[in-house]
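Given as structure tokens, the chain that follows is alone and in the form predicted alone.
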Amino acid sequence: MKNRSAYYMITPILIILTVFLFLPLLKVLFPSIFAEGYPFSAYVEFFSDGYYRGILYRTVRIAVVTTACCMVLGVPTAYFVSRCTKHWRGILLAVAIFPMMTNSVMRSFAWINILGTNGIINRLLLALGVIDEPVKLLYTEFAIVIGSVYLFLPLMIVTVAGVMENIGDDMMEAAESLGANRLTAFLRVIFPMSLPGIIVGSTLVFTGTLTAYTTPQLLGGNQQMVMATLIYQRAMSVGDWTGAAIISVIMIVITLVVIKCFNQIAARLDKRGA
């Protein structure tokens, strides 16, 4: 009876997932497999095209660099936040989350004003005499990475801070009592114990950057196209819905592979911890 009740309880969500997730995925998958010629010929053609491969490599590269930057900036910040009092911890987390409450388009336009030819950075460098003419910062991979880090860094901070809050100060004190300085104690004790949160945060940042559209479109433009903007171009500008479906399936596969890899790392860490 208990098992039957459980089945009844999950039936609504199974119906919703089937109608709104699995069926649309199948509708995207089958036309891309049997597009023309032999099965998967469209995928072979995609990976045989140097232009498409370049866009795929650029997308993955931007996602990896963004994830690394968020780790470098987010982990120390999360540690500082986790060691504040409860009152200040809530304030700092609210400040970290606040940018996410702003529309992504508005945030991207703000970075356009900062990174543009007549933007704040170029005007400052010209005023200081560092450069003789404006440097191209906008519509580059650098601009996309900057915008993506600004967009997804709060996810890393909040996720890691939640894990570090559960690590007692006695761990750091024990390491220092054995002769380690604070940096060594952090790297040898706090950082390994925070890896589960770092893995979750890295997964969120990587997958979010990989599939982001607004930030790459506004800060990278057509000069630095990524997979998400390529989907829009194929579907809306060219009308090639099959090509857009192929790109979508490739992104889904990459996302699933990355999540699987992170889950494997987390599982190994759990076994080692046990």
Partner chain sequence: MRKGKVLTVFAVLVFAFLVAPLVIIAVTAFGGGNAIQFPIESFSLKWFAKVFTTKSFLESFRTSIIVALLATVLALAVGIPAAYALARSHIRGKGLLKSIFLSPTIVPGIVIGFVLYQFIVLSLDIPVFTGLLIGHFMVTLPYVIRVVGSSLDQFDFAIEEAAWSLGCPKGRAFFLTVLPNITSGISAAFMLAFINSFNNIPVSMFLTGPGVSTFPATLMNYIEYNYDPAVSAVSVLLMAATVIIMVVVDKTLGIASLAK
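Note that the coordinates shown come from a computational prediction; the quantities given were computed from them, not determined experimentally. Residue numbers count along the first chain shown, from 1. Only the largest set of C-alpha atoms that superpose within 1.5 Å between the two forms is called the rigid core.
Separately, the form predicted together with its partner chain exists; it is not shown, and the next lines address it.
A heavy atom within 4.5 Å of its partner chain in the model of the complex is found for exactly one of L178, I120, L187, I131: I120.
Between its partner chain and the residues A42, L29, A68, I55, the one pair within 4.5 Å by heavy atoms in the model of the complex involves L29. Annotated contacts: L14, F80 and I259 all touch its partner chain in the model of the complex [non-hydrogen atom within 4.5 angstroms]. Within 4.5 Å of some heavy atom of its partner chain in the model of the complex lies at least one heavy atom of R182. Proximity of M101 to its partner chain in the model of the complex falls within the 4.5 Å heavy atom cutoff. Taking the partner from elsewhere, Q224 is found to have every heavy atom lying beyond 4.5 Å of its partner chain in the model of the complex. Using a 4.5 angstroms threshold between heavy atoms, V238 stays clear of its partner chain in the model of the complex.
Of the residues in 220 to 237, those that come within 4.5 Å of its partner chain in the model of the complex through at least one heavy atom are, in sequence order, A228, I231, Y232, A235, M236. I10: CA moves 2 Å or more between this form and the one not shown after rigid-core fitting.
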